Structure formats: structure tokens, C-alpha cells
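Next comes just one chain, in C-alpha cells: the form predicted on its own.
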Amino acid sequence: MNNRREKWMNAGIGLLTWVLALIVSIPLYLVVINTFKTNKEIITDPLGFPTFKVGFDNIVHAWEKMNVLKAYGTTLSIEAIAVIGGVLLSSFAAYAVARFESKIFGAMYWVFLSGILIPMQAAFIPIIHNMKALGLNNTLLGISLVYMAVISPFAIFVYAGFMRSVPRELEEAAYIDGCSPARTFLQIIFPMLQPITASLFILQFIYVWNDLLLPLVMVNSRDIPTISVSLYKFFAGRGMADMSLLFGGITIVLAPVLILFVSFQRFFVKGLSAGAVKG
């Protein structure tokens, strides 16, 4: 009886998983099929399978009009500074607040966590004021540092939770062998953080790549267009007149993120599993 009930439960969970996967896949399906249609075909039959009459013309035309290479370069530069720098520096900060028994570090941990709760919209005015005072307004470094600050609270929270579950005996053995705290972190602790680091890197890379709000509000210069802003201005400039070019542009924006996620999904799953077990 129990086996039969368990069998039905597994079948129900499997069916629910498939239904949820299909629902989540609908937007991606719409983007892919409509990329290879004419504007008339999209309007008359948005859910139908394409005839592929236009081939890759929508992607090619959108690529030419969006100045994609410059947008890719700008966004990847921001990613390199903000995501790599933010994740790595967060690991150092998390080690201090998770391992050093001091009231100062304990208070800093809660200060870092409060950053998760502050809505970005509420911080726009003081951030812009400080950026202007520092001469970083409308600069690549300025927007990268803002992203780094946005990324850090969540990364510190995840790293600190994982480090607290790591046995202290490993560090005590390193101290006995003469390692300093910095060397202990770099040679003992940091290699153990690889799954968490990979998960954070993928999550934050996707966030920065897709984010429209921050660059749209904080960067007014046309010299540093991000890929999401380029798509927005391309779409806003053409309105709803040509949906085929719009879907071509969306495909250009989505393609690098999808390739990254598919290529590194095993690290992402491994990181989530490690966090679940350790947490």
C-alpha cells in the first residue's frame, strides 16, 4: 500500500514538474519561433511554428542597428569589474565576519545583510550624489562599483553561511603549521568555496547582463551603452511597428546568457547542492 502511494506521489511530482517546466519555457519558445517570422506572421499567428522564410535576417538586421559589439564590450567590462571583483571581495569579507570572533565583525555582518533589504530605488539619490562628488558619474568604473555594492550583501550572506559549517579544525591545523589568516583563507578555505563561487558568479552575471534599471537611471552617456539599454532604446525608437526586428534583438541579448548557463549549469547545480548540504 505504501509502495503504491509512493509511486503515485512520484508520478504526481513528475507530472507537476513537467507542467511547470512547460509554463516556464513559454516565453523562450515565443522568442525563438518569432525570431524566424515576418512581422505579419508574428501578428497573425504568434504561437504558430515559423516557415523560416526570413532565415536569420531579423537577427542580422537587429545586429546592424543596435551597435551590438559596443554594447557587448561595455556590458562585459562591467561584468568583469563588478561580478568578479564583487564575488571575490565578498568571499574575503564573509571569511572575516564568519570566523573572526569580534563584536565589530559581528556588527558588520548585519550591516552587510541590511543591504539586501534596501530597495535600489530608495538609494538612487544618495548614490548619484556621491558618484558626482567622486567624479564617477557616467563612467564605466562608477556603474561597475555600484553593481559591486549591490552584489556584495547577498554574496556575503551565502559565503558566510557556508563557511560557518566548515570545521574549524582545518584552520587550527593550518595555524599550527604557521599559516597566517590570509594564507589560511587562500589555501584552505577558498578552494572549498568553488561550487558556491561558481553559483554566485552565474547568478550575478545574469543579473547584471539583464538589468535595465541601474544603467538607464545612472548612465546618461551614449559612450557606455549596456546590452539591455541598447535593446530598450532600439525597441523604444521603433515602437511596436516591427516585431520581427524586436524578437531578433531579444535573441541577440539572450543568446550569451543562455550559452553561459547551459555551459556551466553543472557547476550551478553543484553549488546549490553544496549549499543545501552544508547549510
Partner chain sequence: MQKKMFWTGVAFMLPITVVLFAFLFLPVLQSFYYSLTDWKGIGAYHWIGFENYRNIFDDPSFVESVKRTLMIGISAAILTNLCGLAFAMLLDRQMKSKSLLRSLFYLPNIIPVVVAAFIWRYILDANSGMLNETLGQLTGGRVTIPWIDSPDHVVWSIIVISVWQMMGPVIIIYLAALQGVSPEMKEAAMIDGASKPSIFYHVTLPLITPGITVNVLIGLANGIRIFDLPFALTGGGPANASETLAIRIYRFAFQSSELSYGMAASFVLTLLALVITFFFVGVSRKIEKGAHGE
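Being a predicted model, the structure only gives us computed values, none of them experimental. If you superpose the two forms and keep the largest set of C-alpha atoms that fall within 1.5 Å, you have the rigid core. Positions refer to the first chain, counted from 1.
The next section is about a form of this same protein that is not shown, the form predicted in complex with the partner chain.
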{"property": "Contact test in the model of the complex: Pro195 vs the partner chain, heavy atoms, 4.5 Å", "result": "no"}
{"property": "Any non-hydrogen atom of Tyr232 within 4.5 angstroms of the partner chain in the model of the complex", "result": "yes"}
{"property": "4.5 Å heavy atom contact, Ser152 and the partner chain in the model of the complex", "result": "yes"}
{"property": "Partner contact for Tyr109 in the model of the complex: the partner chain, 4.5 angstroms, heavy atom", "result": "yes"}
{"property": "Candidate spot Val60, Ala80 and Gly135, all three touching the partner chain in the model of the complex (heavy atom, 4.5 Å)", "result": "no"}
{"property": "In the model of the complex, residues of 179-194 near the partner chain [heavy atom within 4.5 Å]", "result": "Pro181, Ala182, Phe185"}
{"property": "C-alpha of Ala11 off by 2 Å or more between the shown form and the other one on rigid core", "result": "yes"}
